[in-house]
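Shown next as structure tokens: one chain only, the form predicted on its own.
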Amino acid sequence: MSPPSVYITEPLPMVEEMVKLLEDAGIEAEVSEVFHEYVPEDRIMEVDGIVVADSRITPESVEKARRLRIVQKFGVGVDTIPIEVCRRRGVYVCNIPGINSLDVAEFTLAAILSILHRIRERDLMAREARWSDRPKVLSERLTGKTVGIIGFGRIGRQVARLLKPFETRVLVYDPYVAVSLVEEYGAEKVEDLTRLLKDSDVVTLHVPLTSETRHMIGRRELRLMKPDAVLINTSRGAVIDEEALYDVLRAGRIRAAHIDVWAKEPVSEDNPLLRLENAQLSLHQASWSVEFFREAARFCAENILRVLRGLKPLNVVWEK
């Protein structure tokens, strides 16, 4: 009988630590050398476990998997995994909520400050030695502004905590959290998304992608925002209608946006958002810190080992 095996679907940073933990326990571990938009079916059929980050797994491949016992998400969102098929096939689906909360929250704060203090413009101006242009590029303080947080889970709460020294007014829209929890963080819960969008100088999204949140920020919602407002999305790309966002940014209807996540990943080179100067961009990396990858690698390896030893894993998205 061949030893248990695990397939890691992407060449993740610091993946060597995960591989070593698995191999030290007698598990064969293979790491893909490339990013797969869809994990190849033949790589799933003969393994006991999968570690997947941003790649997608098709329902058909899980249906054909003979030995698969766990799909471990290297992150939080599981919208790229066929949950119902895994449930029916008795395959655990697990994620790692909480480990990356601080990283995403710090990134969110950095994105806000970068836009308000015009870091990209100042960097370019300095590289071109445009000394006489200095009066044209002025910052705005974050201190005293109103920040709207949509979604008040672990990340949203961390953002609120990090904002405290800036003495911002924090509005929270999340139908699923209690007023008392929001108030613990010195924030104000609003029952109406419209009010948050109209009143906020900065809007930041921290929601999972569900049928309820898909395109929750569309053309109507974007037009409700202040003309000098800033929008940050580190949640899931499809939470925002990208076409509407492009039109609003291009028209200067809002000041700027930072987009870390995309409706289609990997993002296409012809995505028009890539050409906008008031779109500050990153490639789904808000959580990508040294500390996150080290902790996540260890958690994923240890969780897979639990299953292969006959124990129940942690952070199960569904129960057998």
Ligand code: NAD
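From 1 onward, residues are counted along the sequence shown. These figures come from a predicted structure and were not determined experimentally.
The following text describes the form predicted together with ligand NAD, which does not appear among the structures shown.
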Only hit among 175, 165, 186, 218 for heavy atom within 4.5 Å of ligand NAD in the model of the complex is 175
Residue 89 within 4.5 Å of ligand NAD in the model of the complex, heavy atoms: no
Residue 80, heavy atom within 4.5 angstroms of ligand NAD in the model of the complex: no
In the model of the complex, does residue 151 have a heavy atom within 4.5 Å of ligand NAD? yes
Please check if residue 235 has a heavy atom lying within 4.5 Å of any heavy atom of ligand NAD in the model of the complex. yes
Pick the stretch from 40-48, 24-32, 260-268, 62-70 whose residues have a heavy atom within 4.5 Å of ligand NAD in the model of the complex. 260-268
Sequence order please: the residues of 199-227 with a heavy atom within 4.5 Å of ligand NAD in the model of the complex. 206, 207, 208, 212, 213, 216
